[in-house]
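Each of two forms of one protein chain follows alone as structure tokens, named structure 1 and structure 2.
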Structure 1
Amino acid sequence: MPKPSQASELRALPAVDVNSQTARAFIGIRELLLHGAFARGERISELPLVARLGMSRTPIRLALERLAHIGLLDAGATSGFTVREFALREVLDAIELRGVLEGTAARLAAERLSGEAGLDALRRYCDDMEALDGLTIHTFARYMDLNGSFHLRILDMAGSEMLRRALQQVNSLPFASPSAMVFPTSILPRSGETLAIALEHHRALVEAIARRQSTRAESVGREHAYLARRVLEVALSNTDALRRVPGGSLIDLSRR
């Protein structure tokens, strides 16, 4: 069963169990962080959040710990947490690392290929994405969903739990995640061309995996991530686009 579409403003964030206070705290604080409710480097203390989130310190503590672990907060040496700030260079590095890992996923998928089920699924995702025919304000959320499913499927086919964890870790930085750099044409004018290139990458990935061309699969997987890098470089000069990047306020543009 395919995952339900999660096309909210803060999409591309992994869903978590909502039935515990800790999970709600995690989601709530993450949302605050990504919406720029705190300044970069600001110290986060627990008591204000108690008032803001309406729960006791215990779940808030746990949530802060988790946020520190996924890299959105810094755990100070002595104690306490501060809002992590990212130099632009770190964002670019994160995208590069995602490329390496997705390339590895594609390579392993090619090396370990067995059966047609995975390939068929990938081809269907490709077809669906091509059927969208452009990134309008209405279709781009759907595209992000399909795109996410496509890459998840490759990850499945790679069959490496460790790789899955590593990629999850990288993608937990919102602006490095695969769908963070997708904008409708109305925001970034040249999205159409970018989309075409992305779709070509997808086709090439499927073909390479199908033919067990593992080196080609790895190369294309890497190159595909560089696309996000290029989109980011364009978006940097576009305030509208930059504002839409989740967690964009955590990026320190003045620091290379």
Structure 2
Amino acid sequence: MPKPSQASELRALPAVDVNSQTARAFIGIRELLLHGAFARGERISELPLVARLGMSRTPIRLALERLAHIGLLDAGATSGFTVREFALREVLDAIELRGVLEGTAARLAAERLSGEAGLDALRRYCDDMEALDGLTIHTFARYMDLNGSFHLRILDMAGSEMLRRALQQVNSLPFASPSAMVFPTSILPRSGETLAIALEHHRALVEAIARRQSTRAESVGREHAYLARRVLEVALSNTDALRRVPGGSLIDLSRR
């Protein structure tokens, strides 16, 4: 239940305003967490965030509750939140789980294929990604957008709201989303080779879905997600690369 002051504030604002401000607060605080603005285990207070983000206390509080729900914060027994830290095993498990879900999405997309529109979109994304001149400071943002759209299109073709919700939960964690390892890849050795494998996976996924090869689509979908695990394992020995992993500062490498 909201505190009295929060309840009166909620009554004073239209629901749409509360929702939009909460979304803005959620995105703002999440970005701060992923870019190391807070240390692992640090207590998060509402009032400093009110001043920092320039919004009222209620959406800040609601955003903190959402961040605790997805696992980026720990909620105290009575009140307050602290920044969560992740053991390396938890990070690898998150990527593993995404692989299972992405594979399931690809399988369902193949089984439920109902036309060429989705396939045409996937092929366009592949063409556009392959046309980029490798992963560089100038191209990685574009690649991330295309890559994210590619995976979302497969999820749309799967036609499962339950699967969508599960993937949204996993992808909301740092280091687990389809694009989390794109920038680290661009600065690691043999980045061209890693990118070539990712692009090959994309084409294989489209081919398997087009041919309704559901088992192969699921296998390739899982293998593609696990490429992020390989990138992370290499990044662990490269301080600069690990620093660029979203949420990398939240990983406690002493806890395996």
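In this text, the rigid core denotes the largest set of C-alpha atoms whose superposition between the two forms falls within 1.5 Å. For clarity, every value in this text was computed on a predicted model and none was experimentally measured. Start at 1 and count along the sequence of structure 1; that gives the residue numbers used here.
Visitor: Which of these two, 1 or 2, is the form predicted alone?
Guide: If we ask which form is the one predicted alone, the answer is structure 2.
Visitor: Rigid core fitted, is the C-alpha displacement of residue 150 between the two structures 2 Å or more?
Guide: The answer is no, as the C-alpha of residue 150 shifts between the two structures by less than 2 Å after core alignment.
Visitor: Hey, does residue 79 budge by 2 Å or more at the Cα between the two structures once the core is superposed?
Guide: For residue 79, whose C-alpha is compared between the two structures after core superposition, the shift is 2 Å or more.
Visitor: When the two forms are laid on each other by their rigid core, does residue 27 show a Cα shift of 2 Å or more between the two structures?
Guide: Passes the 2 Å threshold, so yes.
Visitor: After superposing on the rigid core, how many Å does the CA of residue 39 move between the two structures?
Guide: Superposing on the rigid core gives a C-alpha shift of 2.6 Å for residue 39.
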